[in-house]
Structure formats: structure tokens, C-alpha cells
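Only one chain is included here, represented as C-alpha cells and corresponding to the form predicted alone.
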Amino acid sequence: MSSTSHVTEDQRSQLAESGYTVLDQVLDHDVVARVLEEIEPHFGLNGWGRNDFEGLRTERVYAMLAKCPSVAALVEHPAVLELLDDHLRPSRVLAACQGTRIHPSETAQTLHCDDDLPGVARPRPPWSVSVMWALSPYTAANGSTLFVPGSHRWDSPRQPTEQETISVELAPGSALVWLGGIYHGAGPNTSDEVRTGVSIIYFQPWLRQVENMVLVVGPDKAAQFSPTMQRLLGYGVIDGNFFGHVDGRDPIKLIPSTLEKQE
């Protein structure tokens, strides 16, 4: 492994074999504080989730990059990008990016997989990688994510049980990374505190994004982000072919350059 790597071989192995791993406190405190400052005004605007899966005691902030641009530091964090390299194509795209706040008395979320599609047999290579960034402490009591380790390798008929789950606790500034095929879900919040985080999903480039990122962040807004972020948003073509072009051009060329903005 390169001396400049941001992840360990143990973390790589755990992600591949168990289906999840933890990047412990890899965000600076000032980054956590800046994201919290930007996201805070958006909580409370849309009310609770619309069903048990979204969470009837859970607040969500969608279109995060349009509302809280500092979250880009989480989306393109070098340790996360290294782990994506092991499982997704280089032209992977950002499928979803949302803020989450789970309140006391929230119930457990249904165990599910992030990239299962009807009629597609398991096991199979991952189509997605997800990351939960902790902006506050994540504990078993306040509803930290539950996993069924190794379930990404299961055959299609097998279903998880509550007894097979484990709770993964996180300190603020830590990232919980998992493969799309592992069974997981938010735990119940039996405490008297809220837990706040940012949930991010990355897809293989040929799978349609959960959030339509090029409409969430149009070309003018995309100009404020790095080329890595721009391609994650969907301003690019699939590596190895030209799928996704616009009028015969790479979509990244639609983003105004710094020079053009100054003229």
C-alpha cells in the first residue's frame, strides 16, 4: 500500500469481507463545525419523514450540495475515494447526499440493502458504496446504524433477522462505509438526545442516481466545486465509453471556467 494512503489494509479487508468498515475521526473539528453551521438552518423546514422508512421522528435535508456546499469535503474525502476505487468504476457518480437527524422515540428502520433491484440475483459485485458521516456521537442508544456482517455475500432467498444485527458506534468526524449489498438500517433512538449526520451514496456510473444531481447543482453552481466533485455530480461520461455525452461533448465542458466567470 502506498505511503500516502489514507486507509489501512485492515479497513480494506473488513469492507470487502464483512461489508462495512469505519474511518475513525478522519474529519477535522473545524470541518464538522462548518458543515453543522450550514446544515442547521435547514432542519425543521420540511417536518418529519413521510413514512416509517424515512422515519416519523427523523428530519432529512435533501439537495445538500446546493444548500450546504461545505459538505463537498465529505463527498470527496480522500479516504472514501480510495475505498471507492476498490469497488466502483472510476467514473462513479454521487447518487444521494442528505442530512439526517434522528430524534428520541424514533423506531428502528427496516433492514434493507441500498442497491437491490427486483429480479436481480444475489450475491453479485456491489453497485453502490454508502457512507454515513457522524456530526454528533452515534451510539446504540440514539440509533446508530445496525448491520448484518457478511450479508452482502448471501444468496437471494435468505433474509436477515434482528438477532443477527450489530450496532456500530461512531465519534463525531468519523465515517461508516458499507457496500450496497449489506443488510442494514438505522437503529431505534431510545435516548433523550438527537443524532445528526450526513448520508452519502455513490453508484456505478451506469445506475441512475437517487437524486438528480445535475439539476440539484446546475452548471453555474457546479463551477464552485473541484473537477472531482463535478464528475461525481454527473458531469462526465462513463470511463471506457462515451455514455452520458451532451451533443457529442463531455458534460464537464458545460461548466463555466474560472476565466469565463471573470470576463
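Please read these numbers as outputs of a predicted model, since none were measured by experiment. Residue numbers run from 1 along the displayed sequence.
Only in words, not in the display: the form predicted together with a small molecule, which the text now covers.
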The small molecule is absent from this chain, but in the model of the complex, do 112, 145 and 195 each have a non-hydrogen atom within 4.5 Å of it?
yes
Stretch from 120-128, 151-159, 78-86, 180-188 whose residues place a heavy atom within 4.5 Å of the small molecule in the model of the complex:
180-188
Could you work out which of 132, 135, 74, 93 is the residue within 4.5 angstroms of the small molecule in the model of the complex, going by heavy atoms?
132
Tell me, out of 43, 53, 48, 206, which residue has a non-hydrogen atom within 4.5 angstroms of the small molecule in the model of the complex.
53
Is residue 60 one of the residues lying within 4.5 Å of the small molecule in the model of the complex, judged by heavy atom distances?
yes
